[in-house]
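The chain below stands alone and is given in structure tokens; this is the form predicted alone.
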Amino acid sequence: MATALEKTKCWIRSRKGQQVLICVGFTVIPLFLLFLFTYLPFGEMVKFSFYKMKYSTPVDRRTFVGLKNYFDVFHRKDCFGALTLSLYYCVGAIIQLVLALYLATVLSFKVKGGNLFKGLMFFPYLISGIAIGFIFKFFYTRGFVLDTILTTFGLSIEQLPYWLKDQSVNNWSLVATSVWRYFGQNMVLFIGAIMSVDSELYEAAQLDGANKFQQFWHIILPSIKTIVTLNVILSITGSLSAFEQPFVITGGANGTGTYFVVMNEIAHVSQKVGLASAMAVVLLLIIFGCTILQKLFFKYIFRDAESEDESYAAKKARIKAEKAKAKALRAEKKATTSVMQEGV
């Protein structure tokens, strides 16, 4: 027994033993914390979704309702109907990504004042979402910043809508706030990916007479397909879970209550914990499904880039070789035909 204990102590003190202990420690501890603060609460939330309960309801007095909470999510207008507002944010996310990709392509090359522009565009992402909410709450308020700017161009205050009350424009106003905040982050990610593309591919494309759009479509876009896919997935999932802007700016009033805002009200104001938990599970399943569909979509879009070597130079060389081979075959066929005619 003593011998085994001494051997264990010697092994622990050895270099190999310390490496094993460090690897195990850095693996087990993060996994334990992940389970304790993520998977265990998620499991409890899924369990709560099958009960009718409040936060203060004792365990023995909770009422098991089965799938009733899930049926309520799809039948109550204030629950699932609020998810339709995410379409506004999805449209804004698409506009944001297109604009970010365009400016990232331009700024990836030497542009006068490009670094200053990058910094100015990225700065809003560094500001807290709550602070941005308060900034734009005053920005859109009647008679404040936006109305003052528009009146300087000759518009009267009576011609302008109530940006946060008029239901025809208030959701678009909130979407514009979200686009302004996250646009710089996507642009910087795109710039980093574009700058990693081999510059020789652009030179080969220019020698072949490719214009800027062809260079973007055949070189840049296939080369950064991973970042494009990632940004689209993050933007769409973020649109489905929009919360800060409508909660801080309008409080969900006048038809601006997104799914998260309604879920927060049901959970913390109405104290319907079971229904709110069911809403969270449904949203998780929707985000999971959207992520799979987006990955399949981009796998189809970039199928040509995946089937080849993703090298523009290799593709052009292969096409040139095929053309040369076809030209040689035509010349050989023509020469054979001429010889046969002379023989006749």
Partner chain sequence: MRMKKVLAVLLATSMLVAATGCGASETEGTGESGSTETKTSTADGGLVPYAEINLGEDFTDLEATITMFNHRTDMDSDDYGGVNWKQYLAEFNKVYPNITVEITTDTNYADDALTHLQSGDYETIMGIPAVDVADLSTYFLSYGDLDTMSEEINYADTWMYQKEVYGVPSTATTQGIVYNKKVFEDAGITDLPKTPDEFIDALKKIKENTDAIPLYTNYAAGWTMGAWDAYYAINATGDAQYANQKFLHTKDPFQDYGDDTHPYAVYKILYDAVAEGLTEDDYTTTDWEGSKGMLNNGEIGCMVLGSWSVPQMKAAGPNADDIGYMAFPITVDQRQFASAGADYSYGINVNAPEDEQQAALVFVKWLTEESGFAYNEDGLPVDASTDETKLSFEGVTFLKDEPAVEGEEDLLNELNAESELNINNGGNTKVQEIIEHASIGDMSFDDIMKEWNQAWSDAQDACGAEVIY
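Keep in mind that this is a model prediction, so the values were computed, not measured. Numbering follows the first chain given and starts at 1.
Although not depicted, the form predicted in complex with the partner chain is the subject of the following passage.
key: Non-hydrogen atom within 4.5 Å of the partner chain in the predicted bound form for each of 75, 221 and 299   = Contact check failed for every one of 75, 221 and 299.
ask   = With the partner chain left out of view, which of 132, 236, 164, 100 would have a heavy atom within 4.5 Å of it in the predicted bound form?
value = Contact residue from the list: 164.
inquiry  = Going by heavy atom distances of 4.5 angstroms or less, which of 55, 288, 64, 39 would be at the interface with the partner chain in the predicted bound form?
reply    = Exactly one listed residue reaches within 4.5 Å, namely 55.
ask   = Would residue 272 show up as a contact with the partner chain in the predicted bound form if we use heavy atoms at 4.5 Å?
value = Contact check for residue 272: yes, within 4.5 Å of the partner chain in the predicted bound form.
task = Report whether the minimum heavy atom distance between residue 109 and the partner chain in the predicted bound form is within 4.5 Å.
result = Residue 109: no contact with the partner chain in the predicted bound form.
task = Spell out, yes or no, whether the shortest heavy atom distance between residue 138 and the partner chain in the predicted bound form is within 4.5 Å.
result = Residue 138 belongs to the contact set for the partner chain.
Exercise: residue 212 in contact with the partner chain in the predicted bound form, heavy atom 4.5 Å = Output for residue 212 is no: heavy atoms all beyond 4.5 Å of the partner chain.
query = Counting only heavy atoms and a 4.5 Å cutoff, which of 140-148, 179-187, 92-100, 121-129 contacts the partner chain in the predicted bound form?
reply = Selected range: 140-148.
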